[in-house]
Every structure is written in structure tokens, then in C-alpha cells.
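Heads up, the chain below is alone and in the form predicted on its own; it's given as C-alpha cells.
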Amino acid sequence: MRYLIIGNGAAGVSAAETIRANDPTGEIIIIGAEPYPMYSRPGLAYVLMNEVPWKQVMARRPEWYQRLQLSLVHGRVTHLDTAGKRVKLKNGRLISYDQLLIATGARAVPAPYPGADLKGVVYLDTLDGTRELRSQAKRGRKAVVIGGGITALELSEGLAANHVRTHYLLRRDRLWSAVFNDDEGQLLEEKIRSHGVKIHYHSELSEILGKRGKVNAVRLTNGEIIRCDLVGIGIGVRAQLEMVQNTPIKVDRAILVDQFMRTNIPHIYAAGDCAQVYDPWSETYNLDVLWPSAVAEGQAAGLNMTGHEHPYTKGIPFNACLLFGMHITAMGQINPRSDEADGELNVVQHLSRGSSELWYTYPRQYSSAWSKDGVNTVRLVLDGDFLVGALVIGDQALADPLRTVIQSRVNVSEILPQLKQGGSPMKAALEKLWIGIEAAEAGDNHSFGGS
């Protein structure tokens, strides 16, 4: 049996590891477009900030591939022959397969502005791109960053850390508006300004200006011109679908797969940022670009490719990051809102690199409970008597308890007064509930194992 995996990221590597655990003798080939072993894309921000050397973000070493008897091929797939069950690489090599996993991931959306091809337009997207970005930052004096999500914030922080005077353009009036409310945005604003970054609210780019092929300024829609050497683009990501174009594989925003990670073509699977997974409960195809989700989808794909019937079950959205010195953990449905124009059940999504699409079904009743202590805040989102989301900034002591309570769908009516009170009472009540859930699950597992 030959397993072919296109993509050497979190989903592809997790699938390969799972396949090997279930098929000790099958041939496994991984095709990676970049000339490296698997590396941590979330770690690129720390490479840009000079906090870690680039070699330290390598998540797998060559010895790991050798130990699991995985053949790693560096190259780019230019053609997929679904009928002949083979792929063609850019260098002309043909590789056949019995089972195929497409795990090509997503890449940064290119700048849609005039002047986007000038030298100095940069992205936080690949390892080579980040190394080049850091090199340019060392020579740059002034930068402009565009985007409303986490990637644009990481670009701003990284450029500022390289002593580049940075202007951050924001179309809205609140930072990271898909995640933060006004109070949280204000906390982040204070941190950003303390790092020397200038924030421009209600500002949009119209054109990138250059001289001799290099960036030297940007023009805003209001006519203002800001001189700069670099323009950082962080306006979202897009699934890499070039390989499946002109094939019978069905796509929407990404490759459509069922809950077993299967495409509509036999023996072809997809996982990770390039896959849109069917949820039988909501009868929708959901796209998620979180690292843990890519790992879980890859593991599910690997199991099913080896003959198991293992459905992928999406866990609660969970993302942890460090921005401008602020520890931030978001989980579940942290910013629910409804579409008043549509009375039927509706889904709203929020997407940014390193974050997740958060899905909300209506009608539901939500309320928020706050615990605020200086720069440490906890926001809880409640659906009736159930905790469905939380945002933790600063002290992360409650991150694990909250994740367990949300994931377990435990009725919290008995501790609602403490949740609304916040502070020590909230912390004590949540930790007690967490310990109870963990003990109950351990007891169930023990009983199961002894039967």
C-alpha cells in the first residue's frame, strides 16, 4: 500500500504518524513544497522578533522521518490525475498512490493594492519569507502594517521589535474586533502604544507607492501619504487549491470533505487548512485554521486511510497567543452575534491566521460575566446554564479549567452567582468544578479499563 501525502505541515505529518502506527509496512511519501522538515508556523512570529533562531521552530528533524520510514520529497505538485491515481511534480517526476491525502494548507492573501509587487511588501507566512522579512527589517526605518487580525498584530510587534517605526492601519475602531470587546481592545491598545507602534483607526490603504522598484510610501483612501520602507500585509489567509483545479474534486472555500475526511473522489482525503469538514449536526461544511484542529484532522484522515471508520469531531475552538507581552487565550464562542435580517438558524464566522472560525447558531440567549483585575481579565460567555466561551487575558490560571468546563457541557447553574461575582469566588468555583469533572472522567476511564 502506498500512501501519498501532499503537505508537510501539521495535518500532513500527523496523518503520516497515524498511518505508520496503524500500518507498519505501508509505503508513506510526504511531498513538501518547502526545503525543510516540518516547522511550526505559529513560531514564525518569534523568529521575526528575534526571540528564537529560525532552526528552533523545526518541529521535526530528518531523523524522525527516517525512524518512521517516511520518504520526504521536496517539490511542488503541478498536476493531479485522479483517474490514473498519480501526481506530477514541477520537475516532471510522477508519483502514483493508493491512498492520497491533500494537506496543502493555506497561504496569506496577497495585497490587493496597486504597487503590491514592489520590493518591501512583506508577509508573515513562510519560513523563507520570514527570514527575508527579518533581513529587510534590519535595514528598514519605517513600516506600515495592514490587517485586523492576529497576523497583522504579530507583524506590527515583530517590526517594532526590530526597531522599525511602525504604523498600524485599522479599518475599524477597535483592535482585533473579531475577538475583543471595547475594554479588551483598550488594554491591547495601551500595550501596543508602549511598544512604539502608532495606531491609525478608520484608515484604509488605497495604493502602495514606490521608487526604483522599492516601497517608499503608501497612500490612504483619505489622500494621506505615509512614508515607509516596508508594508506588512496581514489581511487573511486562503486555502491552497491550485492543485485540485481542473479536477473533479469538489471545493467551496476549501476542499469539501465528509466527517471521515474523504473527498467526493474515492481514495482521496483532505485535512488541515485546505479542508472544509462536514458537520452532520449543523449540516454545514466548516473551515478551521487552528494548529490543533489541523493535527486532529490529520490524525482522523490517517486512521481512515488505513481502513478505520473514525469520524472527526470538532472540539471547541481554542487559541493561545502572546501579543505585545499580553498572554491571551480564547476558547469556544467568545463573540456571539446574530443576523437580524434572517430569522432562521444562521452561522457567523470570524477568521484570521492562527485563530479559528468561531461558529454560532441562533436563536440563543447569551450573557457575559466579567472578572477584571488590572491587566488580567476573564470574560465568560453563557448560553443559559451552560458556559460556551471564554477569553482570558493575563493570568492564565483559569485557562485549563475553563476549557474543560466548556468542552464537557456541564450545567453551571449552581455556580452562576460566583461566576457573575468574579474574582476569587469565580476562580474557586471554577477550579472546584474542574476538579470534579476530571475526577469523574478518570473514574469512568478506570471503570472502562477494568471491565
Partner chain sequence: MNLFQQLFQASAEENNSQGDHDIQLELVGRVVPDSRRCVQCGVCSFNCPIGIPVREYARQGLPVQMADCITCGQCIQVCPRGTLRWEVQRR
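Because the structure is predicted, anything quoted here is derived from the model rather than measured. Positions refer to the first chain, counted from 1.
Keep in mind that the form predicted together with its partner chain is missing from the display, and what follows is about it.
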Where, among 417 to 425, 42 to 50, 381 to 389, 22 to 30, do residues come within 4.5 Å of its partner chain in the predicted complex by heavy atom distance?
42 to 50
I'd like to know if Gln56 sits close to its partner chain in the predicted complex, meaning any non-hydrogen atom pair within 4.5 angstroms.
yes
Asp400, heavy atom within 4.5 angstroms of its partner chain in the predicted complex
yes
Taking its partner chain as it sits in the predicted complex, is Gln136 in contact with it (heavy atom to heavy atom, 4.5 Å or less)?
no
Residue contact check: Tyr285 to its partner chain in the predicted complex, 4.5 Å heavy atom
no
Please state whether all three residues Tyr65, His74 and Arg262 have a non-hydrogen atom within 4.5 angstroms of its partner chain in the predicted complex.
no
Since exactly one of Phe324, Trp291, Tyr113, Tyr123 fits, which has a heavy atom within 4.5 Å of its partner chain in the predicted complex?
Trp291
With its partner chain left out of view, which of Thr306, Thr329, Asn376, Thr82 would have a heavy atom within 4.5 Å of it in the predicted complex?
Thr329
